[in-house]
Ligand code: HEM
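To begin, one chain is listed below as structure tokens, in the form predicted alone.
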């Protein structure tokens, strides 16, 4: 029960924080000019609900982590147990800071949601900074804390970069999917250049994938160590499942970039792009589904002993 609750809380938290980061980062690279009001309103709503879910799931993660450390859910109500976790563990210190940050993010997101439907550069940068902090700080509460010295610094840095790249790509699929579902034509309603957004998202995707691969290799070296450990441990087999899902995302992204987007641009000039746009929407939904499997694998991996040394 405790282990299942911890995995579920971790999964919800990863989904919320990656969505929050992806939605916050999106206008910084996707729009050549001002972001249309309809998209601003939808994106602000998405960020608010993601921030609320991030806070709630973060608290649930803490509760089940305390129960996991003490051995019983009832111990979560014991002030001495709570004080011990908060005061004497690295997880407690990191999680206290993260939950304070989560409250700040909820307040800022709520303020943005009720204000003008037009976004500003300052507002976008502030939300991006806060969302990046929420996501990257997860590196301070996982297996990256195993090492000490330079190896610890390397692992935390690689893990933080890995999380940010995942947030930009996987989280960015949500506003991208909204644009593909809600806007028709080569230049959609409210002046969105759909083709331009797609090309800029692909450009961001190159950087995100390169970062994910590079930092993933570093993390695997530190947590797995060898092919034998990869194939003969529970941790390694779950990691393989994650890599297969990630490979499927890469295949769909490559098909989008080199087949569907060029075909959509060409068809758009002749006014016959809806068929290609439908195929692209299907691929984006497929990427999102595989991305959720990746996050589920990550949620389980955090509760399993690393393969190295086994």
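Everything numeric in this text was worked out from a predicted model, so none of it was measured. Residue numbers count along the first chain shown, from 1.
Just so it is clear, the following notes concern the form predicted together with this ligand, a form of the same protein that is not shown.
Using a 4.5 Å heavy atom cut-off, state whether residue 227 contacts this ligand in the model of the complex.
Residue 227 lies outside the contact set for this ligand.
Heavy atom of residue 62 within 4.5 Å of this ligand in the model of the complex
Taking the distances in the model of the complex, the answer for residue 62 is no, it never comes within 4.5 Å of this ligand.
Heavy atom to heavy atom, is residue 91 within 4.5 Å of this ligand in the model of the complex?
Heavy-atom contact with this ligand at 4.5 Å: absent for residue 91.
Please determine whether residue 151 contacts this ligand in the model of the complex, using a 4.5 Å cut-off between heavy atoms.
Outside the cut-off, so no.
Options 197-205, 73-81, 211-219, 105-113; stretch whose heavy atom lies within 4.5 Å of this ligand in the model of the complex
That would be stretch 211-219.
Tell me, out of 263, 243, 52, 255, which residue has a non-hydrogen atom within 4.5 angstroms of this ligand in the model of the complex.
That would be 243.
Suppose contact means any heavy atom within 4.5 Å; which members of 151-174 contact this ligand in the model of the complex?
Contacting residues: 159, 162, 163, 166, 169, 170.
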